[in-house]
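Shown below, as structure tokens, is a lone chain in the form predicted on its own; questions about how it binds or moves come after it.
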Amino acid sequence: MLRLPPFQYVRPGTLHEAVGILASEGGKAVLMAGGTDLLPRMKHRVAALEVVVAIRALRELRGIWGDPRQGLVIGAASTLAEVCSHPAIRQGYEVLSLAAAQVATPQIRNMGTIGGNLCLDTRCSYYDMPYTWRKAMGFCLKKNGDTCLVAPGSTRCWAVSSSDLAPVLMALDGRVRLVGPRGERVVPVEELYRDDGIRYLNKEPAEILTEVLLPPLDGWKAAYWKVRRRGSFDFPVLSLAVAVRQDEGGHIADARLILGAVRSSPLRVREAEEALRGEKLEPGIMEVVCELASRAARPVENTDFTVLWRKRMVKVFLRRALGTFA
């Protein structure tokens, strides 16, 4: 049985207090909301931390308010189950509800939070293993080692982004509010990520993601598709979110296309978006867009299924996603 290492459990009463603890402890402290990803990583000794700062109960991080006409605000500690079932999300941002419903299992969705899913650690077949397994393999660049076992000649880590909600929120043009020692700032979800398996979040260590901000729909439609071995529980080996806005004649006025689980951050395929603009969703243009997206996807051998199959599935699932708008 894998056991947790010793750690200090701290439960701040306010967001300001939580920020202060993170700032004072430096790299020794970590935030925990639902703990569904953090606690297994601690058991595997890939997150060797001295202080766990519990923020699930903070009032500033809870609640969902607004509507599709004015925009929506989702507290970062809102559970995935709450995101799935909230009336305003189900009626106005159904794609977000459907994506949240595909995360793991009902038990995990009852604990896991939207903020935790957005800040989910990158994953790799050589990293997400118990300590003894990793030690036998010689460790990896992401933890304890100096070589990327996926690409030994590389100087960077190739662990992949496996957040289900990040591609969807990028497609919806969502933003996040970050609060830290130097105040607060609001950034697009797209700017929250770096294409780096180790330094995958573009935020300061003491900053806390407090809210997700969704703009009014304004005629946008979106779809989300996920590829995984099992119909539940598993992380995506490929995910894609597509959002389009069509004019009265059925032409694409604007589009957003994001791929997940193909690199260390969600990948926005702007060339494919540009190819869609001004076009109708007919078989010819759909094939062009699928080809452009497949070229942009460059998965590596660090998760389930083969690289070639995962790359081929980009065309298959993007064609299905686009078909929902035709």
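Just so you know, these numbers come straight off a predicted model, no measurement behind them. Just count from 1 along the sequence shown to find any residue number.
Quick note: we don't show the form predicted in complex with a small molecule, though the next part is all about it.
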{"item": "Site check 256, 289 and 296: each within 4.5 Å of the small molecule in the predicted complex by heavy atom", "value": "no"}
{"item": "Among the candidates 64, 281, 30, 48, the residue which, in the predicted complex, approaches the small molecule to within 4.5 Å (heavy atoms)", "value": "30"}
{"item": "Contact assignment for the small molecule in the predicted complex, among 95, 252, 243, 103, heavy atom within 4.5 Å", "value": "103"}
{"item": "The small molecule contact in the predicted complex: residue 235, any heavy atom under 4.5 Å", "value": "yes"}
{"item": "Proximity of residue 83 to the small molecule in the predicted complex, heavy atoms at 4.5 Å", "value": "no"}
{"item": "Contact flag, residue 174 vs the small molecule in the predicted complex, heavy atom cut 4.5 Å", "value": "no"}
{"item": "Contact of residue 68 with the small molecule in the predicted complex (heavy atom, 4.5 Å)", "value": "no"}
{"item": "Stretch in contact, per heavy atom within 4.5 angstroms of the small molecule in the predicted complex, of 243-251, 75-83, 183-191, 212-220", "value": "75-83"}
